[in-house]
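Only one chain is given next, in structure tokens, and it is the form predicted alone.
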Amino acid sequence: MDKAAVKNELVKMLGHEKVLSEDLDLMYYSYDSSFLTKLEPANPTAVVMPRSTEDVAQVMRFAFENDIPVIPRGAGTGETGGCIALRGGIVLDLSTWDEIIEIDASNMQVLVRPGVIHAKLNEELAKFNLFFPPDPGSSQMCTIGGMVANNASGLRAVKYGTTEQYILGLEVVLANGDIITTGGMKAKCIKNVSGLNLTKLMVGSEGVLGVVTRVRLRCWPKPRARGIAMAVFDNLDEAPAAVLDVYQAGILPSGIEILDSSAINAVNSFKPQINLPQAEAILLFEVDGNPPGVEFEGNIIKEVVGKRARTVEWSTEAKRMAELWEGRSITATAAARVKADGSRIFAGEDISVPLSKVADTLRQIRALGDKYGIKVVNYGHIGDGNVHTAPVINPENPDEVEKVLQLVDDIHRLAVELEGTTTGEHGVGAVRRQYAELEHGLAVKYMQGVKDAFDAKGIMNPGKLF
């Protein structure tokens, strides 16, 4: 079916106001934050902005009957090409469907549509002294639907875990237009082991199994206090060892972040007034909970980490905490400053390795950067081994583009070699699908079998995951 026919049928079903098909409109949906889509943007055939589950079901029935790919999309903040129409088709822009249906404070849960912004949800939950703990760096932009699709986490995953641990149930429209509710059609309970766990199956499936149209989320009580410790290390190996010392002391911080020397230099170049100490590594430990507990755990961290670090500073004072955290908060932006004509690219940015191998990983990434002559800034969530690498190149230079793609491939393969994964939280999408068999072996065959069971025609977000 040609583009004009697809547009006409969609308009007939949904009306002009819900359908985009002009070339300029489609261009805006041809990329996300990934470097891949900067190199190879891909326009969809049409874009639909649904406002009801029935809208989505109608589109899916039409697409199924006519073998048209359908690609669910949130805010487009993803870094893997996961919401791009690689083979044309219909993009479902769910970002404007941002209704908070119900905050059920008495049952510690909330019911939302997929377009709700993460930060906005937590603003509303705060009125009930609740919060949704996963904390991605794109909180001000990313949608709950996108978080579900990619099983997002972020800075505080070390204590609070990932999105999947908070999803109690989903409404999902399948490839053929069927509508299912996982976690129990009428359930409002927190615990439920009835039936196969289709909720867990859908979370992190990146839109290849169906379209999430409603999310039932578990909420937690909002912590009353918070504190931050900054530790400075002259020896890179001492940083992950200090993290293990904290765990063995019985302390589970809400977040543990690392900046290696490349990140420290980038931050100081970008914003000299921050004046981070020159060191091999800086760790930031965040603790939250009740006030006496936070003070107790902070002092334990200061004592334990102080045995390895050059200095450790602990604070629960709001202004000082903001100052201590500022260097980490601007690292991604600061990365581009390490090269005069450089841009930070999002590629190879999300590996995760065992805690014991973080220092070795950082050293080997530095060596790979030197090998290809590319500046790389390293930082990340060391508490769960999630290392973010930020290659910096001139994207208009073909030679640098070719070299950075080789670098990124080596970084992904290094992660698997070191008993880690190519992605800790950003997902596979299109940019990491070629590593599926390297990571999972024969299991990929059964992953494909699951997809085939839900999507016999292969129209749901094709070209992603494997």
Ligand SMILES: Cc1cc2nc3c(=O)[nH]c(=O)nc-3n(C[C@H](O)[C@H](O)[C@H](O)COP(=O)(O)OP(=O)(O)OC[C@H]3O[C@@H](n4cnc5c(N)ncnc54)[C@H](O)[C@@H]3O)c2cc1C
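Given the structure is predicted, the values throughout are model-derived calculations rather than measurements. One rule holds for the numbers: they count along the sequence shown, beginning at 1.
In what follows, reference is made to the form predicted in complex with the named molecule, a form of this protein that is not presented.
> Quick one: is S315 in contact with the named molecule in the predicted bound form, heavy atoms, 4.5 Å cut-off?
Replying inline: Contact check for S315: no, nothing within 4.5 Å of the named molecule in the predicted bound form.
>> Just checking whether Q364 would be counted as a contact of the named molecule in the predicted bound form - the rule being heavy atoms within 4.5 angstroms.
In response: Heavy-atom contact with the named molecule at 4.5 Å: absent for Q364.
> Counting only non-hydrogen atoms and a 4.5 angstroms cut-off, does V212 reach the named molecule in the predicted bound form?
Replying inline: Judged by the heavy-atom cut-off of 4.5 Å, V212 is in contact with the named molecule in the predicted bound form.
>> Residue-level contact is defined here as any heavy atom of the residue lying within 4.5 Å of the named molecule in the predicted bound form; does G88 satisfy this criterion?
In response: No, no contact at 4.5 Å.
>> If the cut-off is 4.5 angstroms on heavy atoms, which of these, G154, G348, G227, G383, is the one near the named molecule in the predicted bound form?
In response: So the residue touching the named molecule in the predicted bound form, by this definition, is G154.
> Only one of 146 to 154, 177 to 185, 247 to 255, 305 to 313 gets a heavy atom within 4.5 Å of the named molecule in the predicted bound form; which is it?
Replying inline: Among the candidates, contact is made by 146 to 154.
> Of 3 to 42, which residues get within 4.5 Å of the named molecule in the predicted bound form if you count heavy atoms?
Replying inline: Heavy-atom contacts within 4.5 Å come from S33 alone.
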